[in-house]
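Quick heads-up: it's one chain on its own, the form predicted on its own, in structure tokens.
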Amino acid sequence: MPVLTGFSHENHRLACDGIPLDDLAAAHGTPLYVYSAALLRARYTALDEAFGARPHAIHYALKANSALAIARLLCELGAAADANSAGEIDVALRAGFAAGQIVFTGVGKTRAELERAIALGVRAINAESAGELTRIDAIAGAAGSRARVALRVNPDIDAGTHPHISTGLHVNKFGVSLDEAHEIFASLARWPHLSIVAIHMHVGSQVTSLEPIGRAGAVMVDTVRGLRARGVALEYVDMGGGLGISYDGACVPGPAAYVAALVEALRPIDDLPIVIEPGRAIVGPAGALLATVVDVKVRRHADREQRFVVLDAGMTELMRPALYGAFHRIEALEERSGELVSTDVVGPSCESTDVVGTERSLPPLQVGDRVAIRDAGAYGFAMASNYLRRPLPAEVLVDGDRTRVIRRRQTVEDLLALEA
């Protein structure tokens, strides 16, 4: 019988690669993030192999989850890196990525960040504006070097994502418009210390339809053809990330369908390698947040009961539900008897928005029971905070029959160490 990869039910218990999650919670406490190394490898490999013979590079988006152990695992698999800050650049270097494997993305790069990226010689700085091109050019000129740049073009395409994670519409803050891009390309002589090596597009996060991918590809093809007509030769095209995952069990495109759509859309320029910057699609399903029930409250209204289950984890450990109204499956770590009841699962913070899930059909959970909040590998720990002086949770990586703590639980002493 094949070994199940990732999270599955075994002998009435929820497990990660065969290791019961309740055992991990008992050993390390909660809140606790748990990741499956096997599922991380499988999801990266599925994307990589889907390209077949088409030249490509997969730059893992560290913003999804920049745990050093996870970054190292992906580096060992052959991934490159996508960094959104100087801090993420340093994490990438410590994880083993070479500077030439890093693309540096971000809307508001500081002068210090640009100086560091240029001095390191990153693969490209994904530039957001003509003003940023001017700043990069000046820094490179002062250093006696030439900076490698990919211009981020906003294609004004609705990817059908939540408004808070839409990036490809003209109302979003990202990139330059197509009209402005053509103006920039017509005046490249203004920036003698830049090498335009690529065009970068990213239409949104949690994309669950291939149609916008095809439209973005068509815009990319037209843009590249226009550049070639001006004598500008590119090294690659960067289609960003954004491939969604199924948080609620709905059908979404898999890696093979996503890559096939990209390759087909870019077929007219198939001499150029394709760069993508996935994060969620690799690490999202490979992580779960474990929490313990600390209180149960039943509130009776005129004709119904409202049941609140309060966890020791909430918006300080997993911001997505409070920030986007995001859905995450919630499951008991051990099977419980009794009829399923409608339950509001909430966090411990004194904020009404600290709700993990509403009207969920769950067994009658009691104080001390433990649950898993699924598909929390991306934008989970990465967005965690110390609000209310809550220490950050520990993180555990399951790799085969071995488990290891890849980040110890923060202490109050850690929180106060930088304060006078």
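Computed from a prediction, not measured in an experiment: that's the story for all the values here. Residues carry their position along the shown sequence, with the first being 1.
The same protein also exists as the form predicted in complex with a small molecule; that form is not shown, yet it is the one meant from here on.
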| item | value |
| --- | --- |
| Partner contact for residue 63 in the model of the complex: the small molecule, 4.5 angstroms, heavy atom | yes |
| Touches the small molecule in the model of the complex: residue 148 (any heavy atom, 4.5 Å) | no |
| Close approach of residue 316 to the small molecule in the model of the complex, 4.5 Å, heavy atom | no |
| Residue 292, heavy atom within 4.5 angstroms of the small molecule in the model of the complex | no |
| The small molecule in the model of the complex reached by all of 123, 217 and 236, non-hydrogen atom within 4.5 Å | no |
| Candidate from 243, 117, 92, 140 lying within 4.5 Å of the small molecule in the model of the complex - any heavy atom | 243 |
| One residue of 109, 307, 193, 320 in contact with the small molecule, assessed in the model of the complex (non-hydrogen atom, 4.5 angstroms) | 320 |
| Listed range touching the small molecule, judged in the model of the complex by heavy atoms within 4.5 Å, from 140-148, 194-202, 293-301, 219-227 | 194-202 |
